[in-house]
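Single chain ahead, by itself, as structure tokens, in the form predicted alone.
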């Protein structure tokens, strides 16, 4: 029997790739719920909708009445919707708080009154970044680390604050109202079509604009990048395993921790950059080191990333080079 699947925020980067993976597997009835604030369905997603008969519900899910348009008996609900990105936290922190909080609370109230079986809430490593930064917790970092916000007044942390709300909310509601849930904390998921407000697409664009000397912000900071295909495998595995009910899992690649300087130099090679580099301090609020311990995900669902950071970055850079050079953006 096919499984009924709902993706709230399913038109985004991770949602699209989950849909692609599910359609390859077959035997799913898929519904996308999204407000499409970035625009209409793109061509790739539209083709999947047409080919597989995917249902699309377009509405503002910060409003509780929008949920009345949805069925109430899904087997799996992926709660992916949120405003994300450092630029948004700095430019509109009040709106980020409002949008993300209402999305979470409305989804919780809808789940409480529905017959849906399981929900997966996508969280972030930002929830514990302050703990590692301020209290020197071990890296790679496990799910058992205490959660901490460095400065509640800094807009940079508004996104993490909403994800803390979501983690607690879904765990507590699921226990009180008898549905299953799983929390996954993503760690620097990237890949083609990831958007344009993240480090890799921004670095590619700056190289193509011939910035020289090329400034490397936070050159000595580290990140563990997780290619989208591996992240999707971990996400679907977390959803569909009974081992993960009421669990929090780190989804990332603990073997790919590199410095920002290494990343930038590698992308420079892919874009044939022959200029010089300049070290620049990181932006305020940026974490000096981040890498997940994914042992728990390995033990519970057999999670094991397969794409090296070099392979993934090369695939991603090629996509953005083609997009930018093909007229997808006009340089200022």
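Numbering follows the first chain given and starts at 1. Predicted model, so just to flag it, every value in this text is computed and none were measured.
Unshown form predicted in complex with a small molecule; subsequent notes refer to it.
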**OP:** Report whether the minimum heavy atom distance between residue 11 and the small molecule in the predicted bound form is within 4.5 Å.
**Re:** yes
**OP:** Look up in the predicted bound form whether residue 116 has a non-hydrogen atom within 4.5 angstroms of the small molecule, and give yes or no.
**Re:** no
Original post:
Does residue 123 reach the small molecule in the predicted bound form if we count a contact as any heavy atom within 4.5 Å?
Top reply: yes
**OP:** Determine whether any heavy atom of residue 188 comes within 4.5 Å of a heavy atom of the small molecule in the predicted bound form, and answer yes or no.
**Re:** yes
Subject >> Contact assignment for the small molecule in the predicted bound form, among 132, 236, 149, 80, heavy atom within 4.5 Å >> reply: 80
Original post:
Quick one: of 278, 44, 69, 60, which gets a non-hydrogen atom within 4.5 angstroms of the small molecule in the predicted bound form?
Top reply: 60
Original post:
Is the small molecule in the predicted bound form near all of 203, 218 and 266, within 4.5 Å of a heavy atom of each?
Top reply: no
Original post:
Residues in which of 138-146, 168-176, 123-131, 257-265 have heavy atoms within 4.5 Å of the small molecule in the predicted bound form?
Top reply: 123-131
